[in-house]
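Taking the form predicted on its own, here's one chain by itself in C-alpha cells.
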Amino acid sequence: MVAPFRDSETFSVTVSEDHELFRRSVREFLERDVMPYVEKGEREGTIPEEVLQSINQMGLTGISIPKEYGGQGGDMLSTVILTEEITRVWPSLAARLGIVSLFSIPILLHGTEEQKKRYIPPVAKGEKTPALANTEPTGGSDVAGMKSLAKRINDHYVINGRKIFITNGGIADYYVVTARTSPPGDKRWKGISMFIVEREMPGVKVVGRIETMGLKSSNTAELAFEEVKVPAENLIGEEGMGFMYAMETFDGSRPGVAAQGLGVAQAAVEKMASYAIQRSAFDAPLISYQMVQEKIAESLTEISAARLLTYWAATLHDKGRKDEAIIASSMAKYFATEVAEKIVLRAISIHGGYGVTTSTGVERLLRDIEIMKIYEGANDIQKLVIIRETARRLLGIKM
C-alpha cells in the first residue's frame, strides 16, 4: 500500500507528443490573438466578442465535449493543458470557459439523448453561454442545506429560489439548476434534483452582478427563480439525485481549477524571473542576489510539483480510475492554488513597489488566485474530501 492509494502504479502520468504540440499551438494563439485584449478587458469587466469568436474558431470552447455533440473529444489532460495556458494569459477567460464543463458534465453523464442533442452542441460551439446555478446565499459549501424548491405539477416543475456567486450568471443562455424536490429524510443530501433552465423562461431573473476582488472580466451574478415553469423533460437523470450529480460534476471539473492555479503560478514565475534579470539594484542585476535566486528556485520547484500533481489527477480521470481520481483532484486543486499564491507573493516581493501597481499585472494574479482557492470547493473542503475518501477506500470508515 502506498497510502492513500493501493499501489505505486497509481502514480503514472502520461503526456504524449500530441499534448505538447497542442500546448504550443494554444500558447502561440493566445499570445497573438488574446493577450492584447487583457488589460482593456479587465478594466471594462468584460471579455470582448472578438476574443470569444477566435476561441470558438479554434475549437477550444468544447475541447472536452465528445465529437458527436459538437466538441473536440479531447481527454482530461488536454483540457488541463488548455486551461493552464489560457489562465497564464487571462484568468478571467479561463473562468468563463471552465463553466462549459460544469454545465455539460451532468448532462453528458445523466441526461437524456434529447437533452444532450439540444443543449450540448450550441455550448460546445460557443453559440450559447452556460452556467451552473448551485450555490445559495445561505451556504456555499453546504450544498445539502439547499433552500431552493422545485414542485412537480402535472407535466412540469415550478422552481423558486435564489442562487449567488454564479459564474456567467448574468450572461448565460442555459443554466443547470439544483433545487429540492422533496424533504431531506434520513440524509440531508437526499431530495435535491437537477434541471436545465433556459434564460428566456418566465421568472428567471438576474438580481445583479457581483463585483469581486479578482477575475474582473468574469461575470459573477446573483439569480432569482420565481415561479419558473420547467418542463418535466428538463429534469436531469433521476429526481432526488441532484446532490450526487453535483458532487460528481465537481469531481470531474476540479483538475481544471488546479490547472488555473498552474496558469497563475506560471505567469508569476515568468514575471519575477524577467524582472529580476532586467532590474538592477546597487549596481547589480536583481538575479545576482542570493535571496532573489532562492525565491525563483523555490517557485520553480513548487510549480513543477503542482504540475505533476495536476497532470496525474487528469491522467487518472482519463484512465477511468474514478475513486483515485477524486482524491488526486482534491489534492491537485488544493496544492496548486496554494502554491500559486505563494509564488505570486514572491513575485510581488521581487518587484518591490512595482509589484503592488496595476501596471505590471502581478497584483492582479494575487486577486485572481484568492478566488480560485475558494470556488468549486474551498481548499479547506478539499482537505476534508481527501481524508474522508481515504478513510472510506482504505479503511471502510465513513466520516
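What you are looking at is a predicted structure, and each value in this text was computed from that prediction instead of being measured. Counting begins at 1, following the sequence as shown.
Not on display, but discussed next: the form predicted together with a small molecule.
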In the model of the complex, does residue 389 have a heavy atom within 4.5 Å of the small molecule? no
At the 4.5 Å heavy atom threshold, is residue 345 in contact with the small molecule in the model of the complex? no
Can you tell me whether residue 134 touches the small molecule? I mean in the model of the complex, with a 4.5 angstroms heavy atom cut-off. yes
Would residue 166 show up as a contact with the small molecule in the model of the complex if we use heavy atoms at 4.5 Å? yes
Which single stretch, out of 137 to 145, 239 to 247, 272 to 280, 183 to 191, brings residue heavy atoms within 4.5 Å of the small molecule in the model of the complex? 137 to 145
Could you check which residue among 35, 374, 52, 356 gets a heavy atom within 4.5 Å of the small molecule in the model of the complex? 374
Residue among 99, 303, 286, 296 with a heavy atom within 4.5 Å of the small molecule in the model of the complex: 99
